[in-house]
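Starting off, we have a lone chain in the form predicted on its own, written out as structure tokens.
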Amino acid sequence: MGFILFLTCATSAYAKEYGDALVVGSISDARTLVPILASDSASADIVGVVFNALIKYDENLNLVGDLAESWEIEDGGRIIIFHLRKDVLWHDGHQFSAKDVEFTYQMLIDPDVPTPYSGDFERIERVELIDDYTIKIVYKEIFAPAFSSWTMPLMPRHILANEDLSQTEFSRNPIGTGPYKFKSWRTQEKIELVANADYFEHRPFINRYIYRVIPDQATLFLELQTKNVDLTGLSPLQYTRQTDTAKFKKYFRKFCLPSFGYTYLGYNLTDVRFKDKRVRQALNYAVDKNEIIQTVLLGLGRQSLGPFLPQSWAFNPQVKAMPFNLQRSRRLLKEAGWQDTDGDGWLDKNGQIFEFTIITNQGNEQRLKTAEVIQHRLAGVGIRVKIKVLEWSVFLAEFIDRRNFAAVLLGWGIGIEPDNFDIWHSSKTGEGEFNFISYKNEEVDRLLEEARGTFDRKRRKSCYHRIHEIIYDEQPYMFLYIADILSIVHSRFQEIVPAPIGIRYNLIDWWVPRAQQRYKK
């Protein structure tokens, strides 16, 4: 999966001008704008431009300062001392300080706060406020992801100190320090943000950031065609064919970039049908991943082989794909007790047909088509599959959070740091946490803990390589594919420079020449 760029932006001879709006189209609405509760991509999109963290990844995936201007790491990595910027204001004009860092930490480890991100912060022994702009973080022991964990967006103590984060109005009316301020939210319609004139880097050139929710992908594409949307993701068909026209080439630029995530079919491991590893392996053998990549992704992706991406140093190259093999699938199912005893074409066991429902989210045509391929292939080995498509907020609140599913088709966007404790450790199965399939393996738990407890890259790699082997063998997920990120942006926006991290890292530098500005407010 190479780095491919179509119709790249040329450097403009114009002086930068303020104005216009960026209209982003999405199939999903946000759930909450409380940063430590925002675990879905729609919420994270908004949080990412309203809030800041102590550090961030730059365009080349290096960690650099954000709200922290410098730091020292002491005692072999057990202590981090952050020196904070003194020129940062919350959007209500209140001064940002170390007390906000301390408060965010306290909320992350509060057992009454249903955050999926607590694992990284439970390793902290204490937080010391040296002064208003210096904070000392002391860890109980060596914790390898310690520094990178501070990419967590920070929250305002003066607003949230006495609030229930699960119920607070702040979730729909946030105050951050970021380049854009919250203005309004019409549920399932749009979220509107405005430029922060006091932003510490500099005022964004684009006046407004409008996040439009259009749940149907076909309707979203029509809105793109009529130029009512400026930036959105594309399906492979839209990318390769439907935007290959003179009009689109005139008004838009397309980008194809490597992905930091994978798509999977996850099984509810408390469901008796999926407790036997042989069954999960059989399902994997019965589905042709290359068929999905060619027919659904149109070749714009690669097969996923486990919980790490191939570009990560944690990826184990010795893990080989289980091939498409119907004969082997049928043999494993038979060994697990599933046979067609009555000749009706469907496997059964103890009088029950092997059937289950795959749930996935509305608006994602790629996932729906993938589910249909899986449905067809599993029918070929005698397993009856139904598909249920759900609106995003209902999908999460009523099915994922309540563990009310048999199998779920979803994707993970994963970070640069390979620690995936929150997804796979058996302690992370609570409300709002990421191990919602209820995976449990004592060796994986031990290795996840060991990998976090050392800075020795060789030792960490050994741990992750073994985790990779175990998880791919046990198949708690059917690992499907790593899709390329396909996006499109209206060509009036200047200074879009693709990089390893993507295209939005320098959003505050995007601008539009006055003669081309569409939105005057």
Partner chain sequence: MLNYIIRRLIGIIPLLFGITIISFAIIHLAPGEPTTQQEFMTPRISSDTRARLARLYDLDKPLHIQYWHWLKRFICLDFGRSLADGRRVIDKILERIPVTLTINILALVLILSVSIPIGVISASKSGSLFDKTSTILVFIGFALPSFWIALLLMQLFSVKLGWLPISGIKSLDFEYLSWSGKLLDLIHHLILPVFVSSIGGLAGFSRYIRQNMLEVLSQPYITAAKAKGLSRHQVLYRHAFPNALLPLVTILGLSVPGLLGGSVIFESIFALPGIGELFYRAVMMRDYNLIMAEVVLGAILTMLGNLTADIAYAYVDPRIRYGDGSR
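Small disclaimer: the values here were computed from a predicted structure and weren't measured. Residue numbers count along the first chain shown, from 1.
Form predicted together with its partner chain: not shown, discussed below.
- Contact with its partner chain, judged by heavy atoms within 4.5 Å in the predicted bound form, is confined among 292-300, 271-279, 315-323, 405-413 to 405-413.
- Although the partner is absent here, Val138 lies well away from its partner chain in the predicted bound form, with no heavy atom inside 4.5 Å.
- Under a 4.5 angstroms non-hydrogen atom cutoff, its partner chain in the predicted bound form lacks Asp100 among its neighbouring residues.
- For Gln225, a non-hydrogen atom is located within 4.5 Å of its partner chain in the predicted bound form, even though that partner is not displayed.
- Although the partner is absent here, Asp87 is not a contact residue: none of its heavy atoms lies within 4.5 angstroms of its partner chain in the predicted bound form.
- Residue-level contacts in the predicted bound form: of Arg78, His94, Arg331, Arg172, one residue has a heavy atom within 4.5 Å of its partner chain, and it is Arg172.
- Of the candidates Glu417, Glu450, Glu355, Asp340, Glu417 is the one whose heavy atoms come within 4.5 Å of its partner chain in the predicted bound form; the others do not.
- Counting a residue when any of its non-hydrogen atoms is within 4.5 Å of its partner chain in the predicted bound form, the hits in 381-398 run Glu391, Trp392, Ser393, Val394, Leu396, Ala397, Glu398.
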